[in-house]
Structures are given as structure tokens and as C-alpha cells.
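One chain comes next, on its own, written out as C-alpha cells in the form predicted alone.
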Amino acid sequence: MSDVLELVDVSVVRDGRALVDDVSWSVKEGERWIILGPNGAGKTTLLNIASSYLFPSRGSARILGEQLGGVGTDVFDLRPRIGMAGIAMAEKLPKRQTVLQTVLTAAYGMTATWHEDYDAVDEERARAFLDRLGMTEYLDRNFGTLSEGERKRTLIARAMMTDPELLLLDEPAAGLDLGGREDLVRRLGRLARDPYAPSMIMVTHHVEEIAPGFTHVLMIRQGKVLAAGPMETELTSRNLSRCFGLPLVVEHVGDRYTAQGLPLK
């Protein structure tokens, strides 16, 4: 399997502080990764590098075979090959645009409709992705009127529109109630288990948000990688306790994970 993402000794420094520090990490084709860590650990910084919107201060980053910052690499050719869904994208999208328009605009790499004409195949793809994420009955609703869960599902459908080779999800379950979270996890699990789906990287704070089908985990704290590898060997009580800085117990129940702190004595 080829590397979809390869970071070698990558650091990102801002105002004298390392947001990520000497990170080496590779994601291979077909793998589904979770990035776990506390607030300020550097999770979103890694995702921004993977999306090609942030360049390392030091080290080397290759995305889909292209050297970030290298001679001959055009990030504007690279970015359509990467699907991104997160809060930053939601803030760029017009609230009065319909759900269908919100997904369709991704076909042209735009955030808002202008005077472009969409092919019938584009609309079919948009409808298919929205249907897969349970959004068919919301096609004509304005994006700004959606609930948080409906908005997150629309963003994931939008990220899939360009048939990406790498799908990046930045805290897709953040702000959802229990029902919304479980519905999203169920749908992400179906996507993660699809052998034709792109390689995936998802950022989260909570092991309960890890959908079945995700294969690997990277744990990061204060910009440094503490553990990286297959879920079954690296998502342990010891590693999670080190990552979050307090005693935690991880349990694997069925095809889901839970974590809780040890009781105070």
C-alpha cells in the first residue's frame, strides 16, 4: 500500500511555541485513523497540514505523493483530491443556500453558487451522498436552519463530492446530543467499512466517538506523538492515561470503545 500522508520530523512553530514538535507519522491507502488528544495538543494543526493549508516550519510532508512546498507541487491541484469537513468549513458556507446547493458547490471548489451550470451527474452524486447520510428530506432546507447534527452530515456529504483520495474530519461529533452523536457514529461506521471509501483521518477528544471500521489511532499531547498504530494495540488504558494526564480505563465493548476515570480515593 502506498502512503497517502507521510510526515517526517515535522514541527510547526508560532510565536516561539511548537504547536506540533518533531512528528513523524504515515497513513497508508485504505487506513482509517483517529487522532486523539486533549485541547491544545496539536490535533487540528496536524489536520491542517494534511489538508495542505498549513506548511511545516521544519521537516517534510508528503500528501498523496506530492511534497508540500516542493518544486512542481501546486496545492491548488492537490486540494481537490482532499475532502475536508469541520467547523472552519461550516463558517465559510452561506446560511441561505440550500442543502443541495451547499453540497453541489464543492464540485467547482466553491463555497457559494454563482452562475455555474451543474451537470446532471453532479446533482445525482450530491443527492446520493446526502441520501447516504440521511439528508434526502432536507435538500431544499437552508443550510443555516439545520440542526448541528444535520449540518455535520451535510458537510461530510460535501467533502465527498470531489471523490477525494483522503477524507479529513475535524471533530464531526462536537456539539451533538447523544442521539445525534450515535446517528453520526453509525453513519461514519458504514463509510469507514466501505472498501471503496477514501483513506480517512478523524480528530476527536472522545473514544466514544470512534466509529466501527476505524483501524488506527494516533495520540498526541503538547505537540508530541505518544502512540501511533493499530487501534487494538495502541488504544490502551496506559496510553490514554498518558495522553490526557490522568488515570483512565479504556474498555472495548462490542465494536465500540468507552473510557472513564478511576474513582477518587
Ligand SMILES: Nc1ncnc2c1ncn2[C@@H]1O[C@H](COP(=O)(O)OP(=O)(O)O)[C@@H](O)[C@H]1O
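What you see is a predicted model, and the numbers here were worked out from it, not measured in a lab. So that there is no doubt, residue numbering starts at 1 and follows the sequence shown.
Beyond what is shown, the protein has a form predicted in complex with the ligand; the following relates to that form.
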Sole residue of Leu19, Cys243, Val10, Leu248 within 4.5 Å of the ligand in the predicted bound form, by heavy atom: Leu19
Contact assignment for the ligand in the predicted bound form, among Gly229, Gly30, Pro38, Gly213, heavy atom within 4.5 Å: Pro38
Verify the contact flag for Arg14: yes if a non-hydrogen atom of it lies within 4.5 Å of a non-hydrogen atom of the ligand in the predicted bound form, no if not. yes
When the contact criterion is heavy atoms within 4.5 Å, does Gly42 count as touching the ligand in the predicted bound form? yes
Want to guess which of 42 to 50, 193 to 201, 61 to 69, 232 to 240 is within 4.5 Å of the ligand in the predicted bound form, heavy atoms only? 42 to 50
